[in-house]
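Below, in structure tokens: the form predicted on its own, a single chain.
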């Protein structure tokens, strides 16, 4: 007797497919931009933890004079891989992850333009990172010539390890992943905007990602060319960057990529700040168009300042690059004044996202001021390659990316998960991070003025650097405690956090117009898009709750929306 297999009922089929999609295989094979965004962010945060652990080991070594924990070769490997991981495998992928998740939601699109390419770029990024870190598992160890790879230190003569070749190849592939991801993001922004979403109604986060993607398209190929030539020099008898060629050409190529890379990291986090400030000021953003043009100018100027990293070589025009380096402060200042003007006379709400935003503004301001000093050739001659530059770089990069990242994660975590992170733990974490960061990096300004060189794993007690180094190492422990507190908050809030609802903050942009977390195709309906703040417009002019209570804004929001909020 034979039996006829009955077709599975539609409801049961949907249940089975949903169950399979929620499993490990579903995550590993996904092309959903939201899941790929989460994969990027989680992976980037893991590399942040790995790089942070390396920095703790280095700070433990530098806490007191003489060598205690490491030999100099191991220290140089940790130094190289710490910088590489933070720049290429934390900051840049975190930016791409946020963009992946948020851009389609902010422009009212169901997905990115090329979902399969999107998945490919993520796995290529992971593959490239594993190649780079694979250097720790070869005989001579990982690359040890600094995260910038200057010849002749990076040539075969001085760095014969296979780990160095793995570093070069891994970064090449990482650059390819970033370029492909940027193409996808640009295609999404230009081709998939919802009806009514004109270019000058794009959220400022989207504008910052747009300019960042263009920077990646112009700068990463230059880094790729430099790395390809370096690989040829190392393995096929080339002489481009050897003494038979010109090692300074590598510096030009690297920093032509390297300074736009600063803004590839900074601009998206400026966008995060620009999304959070008006929401927690209960006002529309002040000077929307000024922010847009400032973002474009920063992107353009970033290609004209690279050689201020090379003043001490004597091979560049110090006057020209000093002037362009000073000028880039102008559009950055426009953003700062716009943030302050938005907060001015607003109904400020210092929830955890806003605390991190204010902290980021303070840290970047300090980093920007020290950057103006370094743009002056006489001062740069005095402190180049000292810990003053280490302090400046961390205030600009760590102070921007990490503070704004935590602000963004606290702000959008309800959208990602449907639950709130714990606010009390968030505030404690903020103050631990704020104090720990400044205790760690502010003393490095004085260490640089006192002459402590960068990239050293040991120093003599009689140099007088002991106390400040011990203080900096103590601050790094506070940073580590803050990060561990966030991990606990994240882990417990995923299942035990307070339900967030669709729009817990009273957001202004379209991602808050859908459920938390969003459905597979993001939206079931969209509000009318008549400005850059469609949800605020809807709350001000839209429906009322039962009983006649108006939906949404405070008096400040209503007044700001009526008079345009001072928008440019």
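Numbering follows the first chain given and starts at 1. All values reported here derive from a predicted model rather than from experimental measurement.
From this point on, the text means the form predicted in complex with protoporphyrin IX containing FE, which you will not see here.
Interface residue among 336, 303, 147, 373, judged by heavy atoms within 4.5 Å of protoporphyrin IX containing FE in the model of the complex: 147. Shown without its partner, this chain lists 192, 383, 390, 329 as candidates; in the model of the complex, only 390 has a non-hydrogen atom within 4.5 angstroms of protoporphyrin IX containing FE. None of the heavy atoms of residue 308 is located within 4.5 Å of protoporphyrin IX containing FE in the model of the complex. Protoporphyrin IX containing FE is not drawn, but in the model of the complex it has a heavy atom within 4.5 Å of residue 59. Among heavy atoms of residue 455, some come within 4.5 Å of protoporphyrin IX containing FE in the model of the complex. In the model of the complex, protoporphyrin IX containing FE sits beyond 4.5 Å of every heavy atom of residue 415. Partner contact region in the model of the complex: 396 to 404, out of 196 to 204, 396 to 404, 121 to 129, 308 to 316, criterion any non-hydrogen atom within 4.5 Å of protoporphyrin IX containing FE. Proximity of 98, 512 and 522 to protoporphyrin IX containing FE in the model of the complex is absent: no residue of the three has a non-hydrogen atom within 4.5 angstroms. Looking at 81 to 109, the residues that come within 4.5 Å of protoporphyrin IX containing FE in the model of the complex, counting any heavy atom, are 82, 83, 86, 87, 90, 91.
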